[in-house]
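Okay, so here's just one chain, in C-alpha cells, the form predicted on its own.
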C-alpha cells in the first residue's frame, strides 16, 4: 500500500486523445521524494535537449507534492514543469490553492501531458472518470472566467480548475496558468499549455489519502499549528513587517509600503525613489487597499490568510497574489488604484506579474529614447495609464509591436536591435527579475541570483536574514531560539556579521560561509517543491514551523518512507543535481550565471569569481558549473554521468571541458 502518495500518474496524449493510468515506482519516491523531484527525473528520461519548447514531444507536468492532501498545514502546492520557451531550460513553477489536494483525492500524483490537441480541449478528472472535452467555446475567455464557465457546464461548483487566458492561447512567453487563488507564472509554462491546445485541467476528487502513522503524523501537525500561533503572537523584533510574521509574504495585510517602494526600482527597473513615501501617500494607499480589498483568504488547509480578493471599481473580483500588488504600479510610475485595476485584467489574460509590467515599461523606454517610434504604437493613448492597458492588450493578442514584446525583453531586444539590448538590463538567463537595484554587492544574493535554477530570487531566499542587525545584542537575542539552523555554525555566521567594518558586505560572509548559507536556503525550497509545501510556512520566512529537523519525521510518518536528516539532505541534493543536469544538457553553464550588470552599483569581479568557484566546488560541480562525474555517481545518477560522457559534456580525463558559447536558437512565436 502507498502512503501520502497515490502511486498513480495520468498520462495524456493530446495528439491521439489517449489517456492512461500508470502505476509509479515507489523506489523513485525514496530517491527523489515526489513533486518536482520525480518530475525532474521524468523530464530527464523523456525530454532530451533536442526537443524544443513548442514541440509535441515537450511534456507539461502537473504534480501534487508528496504530502499534499494530508493534514499537513499549508501543504497544497501544485508544481508545473516543462521546457520554457523564454529560457529554453527546464522551467518549474508552483501554485497554491486547492488543485493539488483535489488531484490526490481523485487518485493521482501527477498529470503528464504530451503531444498537441488538434482542437482546443480541457481535461476533466472526476475520480476514475477522465476525459478530454471540447473547449472551442472557451477560446479567448479569461482564465478566471473559464473556470467559472466550466464549473457551470459540469454542474460541479467544487471542481478545481487551472486555466490559461488569451496570453497562453497566443503563446506569450511569459504566460501564466491561473488557478483561483494562485498561479504558476514563471518561465512561460502557460505558453506551453496553449501550444498544446489545452485550455484547462479540471479536477474533482472524493477519495482518501492514506497516512502511514496517523497518530504520529497528527501530533507533528499539532506542533506546527502551536508554533504558528506562537510566532504570530511573538513577531521577530527588528525585521520588516512582512517577514515579522509568517506568510509568503503576508503583503495583503500590510498597508505601509515604504520599504518596497523606496528600495525597489520603478519604471523599467532603473529608478530608485528613495524619498517617495510620505503621509499623504500612506493615507491614499491605505484608503485604496481598504476600499478594494474584499477579504483576506487562504489556500487549502492553511490559516495564514496571506492572499486577498480585490474588487476594483467596475471590474470583476479577483485574487491578488504576492508582490504583483505593486509590480504594475511601479512599472507605470502610477498609484495603487491603477496597479490593482490592471492586475485584474492581467490575471484574466494570464500573464506573469513580474515579467509583464517590466516588458511594458521596457517598450515605453524604447519609445522615449527613439529606438521605437510612434509608428510602432498606432492608436496608443497619450495618458500613461492608458498606454499600459493598450500595451497589455497588444501583447496578449500578439498584435503589432505586441507580437515582438510577447517574447519578453531579452528576445524582443534582439529582434528590435538598434541598441535595444541595453534596455533589456534586468534579466538572468533571459528571464526578467524582481526590480531590486541596490548599492553594494551582497555576496549571498549574488550566488542565489546567479545559480538559482528557478531563476527567481523568492524561490531561493528566506532562511538567513537579508542583512546584519545593527547591534550585537539584537543578533544575540535573535539566535537564542533559532533552532531551525542545520548546524550551530550558522548562528556564529550571523553573530559576527556587522553593518560596517571587516565583517561587513561584500567580504563577509566569506565565500565558504556564503556557500553554506545558500545551500541551506536552497535545500529548504527544494524540500518544499518535492513535498508541495507553501514556502510561506517553510523556506521563505525566518524561523518557520517546518524545518530540516521535523521534515524527516513528517515524511516518515506520512509516506512511510524511512527518513532522517542525512537521507533527506542526500535526496534533496540528488534531485537538485538532476535539475541542474537537465539544464546543463540544454547548454546552460557558467556563462549564463550573471546577475544584471546594474543590479548593484558597486561590483567586485574578483570576489564574484571566487564566490562562484567556491559555490561550484561546494556543490560538486566543476569550474564551468557542471556536476562532475564523481558527484553524479555519488548521488546514484550514473545514468546522467553516462549521458554526459557520451555527449562529451564530461570526459574521463577531465570532468568537463569549458564549453564555447553556442549560438542561440532563433525564436519564433
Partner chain sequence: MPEEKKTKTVKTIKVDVDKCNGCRACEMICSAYHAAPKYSGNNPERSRVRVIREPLRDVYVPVYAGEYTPAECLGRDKYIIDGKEYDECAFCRASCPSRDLFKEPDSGLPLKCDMCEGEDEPLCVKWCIVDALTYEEREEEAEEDEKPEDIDVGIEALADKYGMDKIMDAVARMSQQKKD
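All figures in this text were calculated on a predicted structure; none of them were measured in a lab. Residue numbers count along the first chain shown, from 1.
One more form of this protein should be noted, the form predicted together with its partner chain, which is absent from this view; the next part is about it.
Note on the interface: of 301-309, 363-371, 350-358, 265-273, the segment with non-hydrogen atoms within 4.5 angstroms of its partner chain in the predicted bound form is 301-309.
At the 4.5 Å threshold, heavy atoms of residue 506 stay clear of its partner chain in the predicted bound form, well away from it. Its partner chain in the predicted bound form is approached by residue 209, whose closest heavy atom lies within 4.5 angstroms of it. Proximity of residue 410 to its partner chain in the predicted bound form: non-hydrogen atoms within 4.5 Å are absent; the residue sits far from the partner. Within 4.5 Å of any heavy atom of its partner chain in the predicted bound form lies no heavy atom of residue 282. Only one of 139, 234, 418, 158 comes within 4.5 Å of its partner chain in the predicted bound form through a heavy atom, and that residue is 158. Exactly one listed residue, out of 470, 386, 313, 214, brings a non-hydrogen atom to within 4.5 Å of its partner chain in the predicted bound form: 214. Looking at 42-74, the residues that come within 4.5 Å of its partner chain in the predicted bound form, counting any heavy atom, are 69, 70, 71, 73.
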